[in-house]
Every structure is written in C-alpha cells, then in structure tokens.
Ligand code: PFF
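Take a look at this single chain, the form predicted on its own, given in structure tokens.
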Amino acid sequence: MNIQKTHNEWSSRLAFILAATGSAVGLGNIWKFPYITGENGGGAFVLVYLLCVLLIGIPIMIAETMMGRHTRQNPIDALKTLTEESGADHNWHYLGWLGVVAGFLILSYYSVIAGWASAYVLKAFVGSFSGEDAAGIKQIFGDFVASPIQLIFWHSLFMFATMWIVNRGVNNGLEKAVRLLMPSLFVLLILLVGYAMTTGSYNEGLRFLFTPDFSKLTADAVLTAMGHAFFTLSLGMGAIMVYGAYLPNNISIAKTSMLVAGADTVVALLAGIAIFPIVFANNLQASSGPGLIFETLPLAFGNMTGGWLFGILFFVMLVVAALTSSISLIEPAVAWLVENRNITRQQACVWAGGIAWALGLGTVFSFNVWSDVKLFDRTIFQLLDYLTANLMLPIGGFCIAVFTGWIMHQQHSAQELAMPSQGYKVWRVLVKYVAPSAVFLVFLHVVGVL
C-alpha cells in the first residue's frame, strides 16, 4: 500500500482529544442543542440524545478515526486506498469526496453565522442590548442581517482567522489553537454556569434539562435527537478522518473517541445548564427556536444585573466554539490540495479559504438582497443547510458504517483498533447493524418518508 504522508502527527493524545472535541464542539452545541431541547420538552429528549451518542455517534467516530489512521491520508485518498485494499467497487472512493465537499459547503455558510457571533461580541461590549425590549432586540438583529456590507466584513474576518490558523500547520497551527481555545471555552462555560446559579431559576433549569417527561417525547423528537447526536460529533464530513490521519499509532482510537464524544456532550449539557436558568429567570420561552441565541438571550443580557459582562463572555464563547469547528472543516480540503496538487500549505489555505469565502457570499445575500431568490422553495442558505445536514452527512455516516462494518477487511480494523476481543465484538455489532439502521431512519425522516 503506497501511502503519501505529507503532514505531521499530533504531539500527544491530549492534542488529538482537544482537536477532535473542538471539531465537534461548535455552534451546534451552544446554539442548536439548547433550542432543540427547548422545542422538544427537555429531559426526555436529552436522555434519548445521550443514548444516540453512545449507540450511534461513538461507533461511527471510532470507524472514521480508524479509517484515517490506517491510511494516513486525506479523506479522498484514504477512500481510494481502502477501496483498493478491500477489493471493493471503485465507486466507494466517492465517499471521500462526499465528506470533503460536505464539510467545505458547511464552512461556506458556517463562517457567515460565526461572523454574526463575532459582531455580537462588539454589540455586547458597546451596550447595544442595554435596556432594550423584545422589539428592540429583534430590530437590532433584523437591521444587522439586512446589511450585506456588515455581514461580508464579519464573514471575511472570521474566514481569515480560520485560514491563518490552518496555514500554520498541524503542530504550530491546529494544535496550538485548540490548546488555547478549548480550555478557554470550558472556562467561559463554567463562568456562565456560575452566573446561572445566581439567577434564582437554576433549579428550574436543571429540572427542565434532566427530569424526563416522556409524555412530551414524540417520534419526531426521537429522530431529531438521533440526527443531532450524529451531526454534533462532526461525522461524515471528513474532519474526524483527517484528524485521525494525524493520530500516533500508540494511542487507543476507541478510548480517545469515547473521551471526545464525552467532552462534546458535556459542552452541550453545560450550555443548556447555563442558558435555561437565564431564559426562565427572565420569563422567556425555552422553545423560542433558532432565535434563542441572537434574539432572546440578548434581551436577557440587556436587562439583568451583570448582563453586560456575561453577554460579552457568552458571544466570545460562541466565536471560540465556531473557530474550533471551522479549522476542522477546511483541513480536509487543504490536506488534499497539499498531497495531490504539489502546492504549499499556504497556497492551499488561500485557495480553499478563498473559494469557501466566495461561496459564503451566497449565504450573506440570502438574508438581504437575494432574500427573494429561491431554489426548490429555499433561499441559498436554507438550501445549503438542507443539502449538507439533511442529505450529505447522513449518507456519509451511513456509508462509513457500512464500509467499515461490511467491506473493510476485519483483520485490518481489528489490528488498527487493538481493542480487547469483547470490546471489538461490541463495536462490530454497533457499526454493522445498530448505527446504519438508526442513521437510515434519520435519513428517511429528513427526506420526509417518515
């Protein structure tokens, strides 16, 4: 097997854990998880979500990391190598392309939304939310997204920061960034949880988050929990596979993947613990939907004691979470360009970042000058979000489970994972039967069959 390795390795197990956790932790944990939990009744939804992380997310994360380390290549070349090695149909190598393209498309609009969070750090700092009522906060958000110039500025700033970090390489860029950003994220979360404990509604928030009420659990909520558990771990987009390619051989993939999934879940739960007491203390609705972060919480921050400081901290935390994910979204494309187009890492970052930035303009304009432009009854942003999150990622995750469970040589996966025999058997059952079946159900749900 001819493997072209043109990159370094993580310096330690901790470096990989921080990087992979950073990839998984993002807007999905701090923006999406609280509002979908609020929409689906709280505790029962959280319990189903945790079970899905355990039974679906972790087995597929182990599989994807193993594929990356076994080949030591970017996802596109990794699938070519694995396909040849397994004697499988050559069309399986398109799975690598699917993941890289999905991550690249996600980055294009992710950068725009992360730009919103960056702008809200400044808005919180200058006191834009102070004393505003609900109508005023909504107007601030509406005026902001209606301005393409402002959105382009913040989108460009965030994309440049992503390119700058990735350009510095695995050890000097990705690793140093996550060593600083991930502990900062946890510290900010703990500070916000500490503040939530002083609101008078802390226990109410905990009850909502951790007391199951199965009467509120619908079939749709179960499928939503499965989907979010899968998507929040950054599976099916090449990020975990390329990070696995940088993982030293003496580190346990299974143990490390479980730690990453655990840390990602802790961040999501801490976000809920920090947010819901603030929501309840200010008589706001937990089921406010996607506007919970940009239209609901600024109302709370603008009218509570200490809100100025904690508003700044919250949006700084959101930017940090977004940045740790964005660097993993661009890395698979950069790795492929370096390994296949004989260009420097700096040139690859400029090409990949520049194209993602240009594609992001479609998302920028979909909120203002192109808001009436619809494809399949969706704006450009909505179409990209639906195409990636609802189609490309489920297909990618399903195929990874099927490939590693049914097609990849068993002796290769057993050798790479080096797990105790009983643990390996459990993983095989989960990745061959449980995970593909569950992801298939999610896919049928998102395309409207279920």
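Start at 1 with the first residue shown and count on from there. By rigid core we mean the largest C-alpha set that fits within 1.5 Å across both forms. In this text the structure is predicted, and so the values were computed from the model without any measurement.
The same protein also exists as the form predicted together with the ligand; that form is not shown, yet it is the one meant from here on.
- Shown without its partner, this chain lists P394, G68, G38, G28 as candidates; in the predicted complex, only G28 has a non-hydrogen atom within 4.5 angstroms of the ligand.
- Contact with the ligand in the predicted complex, judged by any heavy atom within 4.5 Å, is made by just one of I275, M237, A78, V334: M237.
- Heavy atoms within 4.5 Å of the ligand in the predicted complex are found in exactly one of 303 to 311, 161 to 169, 324 to 332, 345 to 353, that being 324 to 332.
- When contacts are defined as a non-hydrogen atom within 4.5 Å, none of V193, Y195 and F280 contacts the ligand in the predicted complex.
- Shown alone here, T363 lies farther than 4.5 Å from the ligand in the predicted complex, counting heavy atoms only.
- Using a 4.5 angstroms threshold between heavy atoms, Y120 stays clear of the ligand in the predicted complex.
- The ligand in the predicted complex comes within 4.5 Å of no heavy atom belonging to F129.
- Put simply, V439 is far from the ligand in the predicted complex: not one heavy atom of it is within 4.5 Å.
- Contacts to the ligand in the predicted complex (heavy atom within 4.5 Å) from stretch 332 to 356: none.
- Once the rigid core is used as the reference frame, the Cα position of I36 differs between this form and the one not shown by 2 Å or more.
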